[in-house]
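Just the one chain here, the form predicted alone, laid out as structure tokens.
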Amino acid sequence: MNNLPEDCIAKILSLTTPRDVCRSSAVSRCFRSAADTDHVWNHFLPSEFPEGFRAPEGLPTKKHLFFSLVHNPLLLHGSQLSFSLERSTGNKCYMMAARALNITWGHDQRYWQWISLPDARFKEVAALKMVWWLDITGKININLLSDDTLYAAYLVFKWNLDPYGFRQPVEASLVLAGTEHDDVQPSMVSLMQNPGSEQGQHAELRSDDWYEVELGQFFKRRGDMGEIEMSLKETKRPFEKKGLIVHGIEIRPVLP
């Protein structure tokens, strides 16, 4: 294949995936040259970017732009939403800041406190002081997401030094907004990393030292309309809860 013209090799590579292109660049100089062309990497960038998107300055090639969006999420919508790309596929990823979520009593300083943390993506995170009724909900327009892609939503959080009241599983759900309450079948998830049970989802430690727990999955088809509603609730047991710090909800593709 080294005898093929570079533009022909670039065309072939553009029909693969970012992961395949990076691997193929090690085959030969010809492949490496073709793998670095804008023609290839423009194919992996979204055909439509979210409203308010502006490419970072100082990026000389489409490959540089792609990997900048992989490693450095951009803040949009008044810094309440971040946008990035998944490295192996180029599919769109989003994270909603805690301020963009509907947190019951979130604006009452008796129950929640808004603080800044140096390792947070957003300016503020929500720190739970104490509640009996926990209800956190977020909505995202499904048109923002990549077509024909399986997505999952995750609550991203951590604990302060004195958490309490989260030993029991809580309800998680992910539905199309407007779904009747009686039609929602929540799953039970544990916010603890080692809940002592193999049933249901439980928290996992991320590479950025925050925790995440899956709220649910959905498949985004071409032409789908509306909003996806994601929630985490514990409203049935009147026990005191405290110590939770909410970073936001992340929506990203499910990898095979």
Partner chain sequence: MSESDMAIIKPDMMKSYIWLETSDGSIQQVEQEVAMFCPMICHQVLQKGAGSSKNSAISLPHKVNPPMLSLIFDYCRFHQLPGRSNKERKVYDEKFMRMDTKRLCELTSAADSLQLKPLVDLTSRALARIIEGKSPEEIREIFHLPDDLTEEEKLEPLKNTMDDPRIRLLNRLYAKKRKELKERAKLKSIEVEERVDERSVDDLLSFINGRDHKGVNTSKSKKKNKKRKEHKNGTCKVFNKDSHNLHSKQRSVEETSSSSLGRVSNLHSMEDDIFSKKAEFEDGYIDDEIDPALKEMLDREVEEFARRLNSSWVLSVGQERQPVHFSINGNGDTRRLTGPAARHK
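Residue numbers count along the first chain shown, from 1. Note that the coordinates shown come from a computational prediction; the quantities given were computed from them, not determined experimentally.
Here the subject shifts to the form predicted together with the partner chain, a form of this protein not shown in this document.
In the model of the complex, residue 188 stays away from the partner chain, with no heavy atom inside 4.5 Å. In the model of the complex, the partner chain stays beyond 4.5 Å of every heavy atom belonging to residue 108. Using a 4.5 angstroms limit between non-hydrogen atoms, residue 119 touches the partner chain in the model of the complex.
Though the partner is left out of this view, residue 67 does reach within 4.5 Å of the partner chain in the model of the complex, counting heavy atoms only. Residue 72 is the only one of 72, 168, 113, 141 with a heavy atom lying within 4.5 Å of the partner chain in the model of the complex. Along 208-228, these residues reach a heavy atom to within 4.5 Å of the partner chain in the model of the complex: 208, 209.
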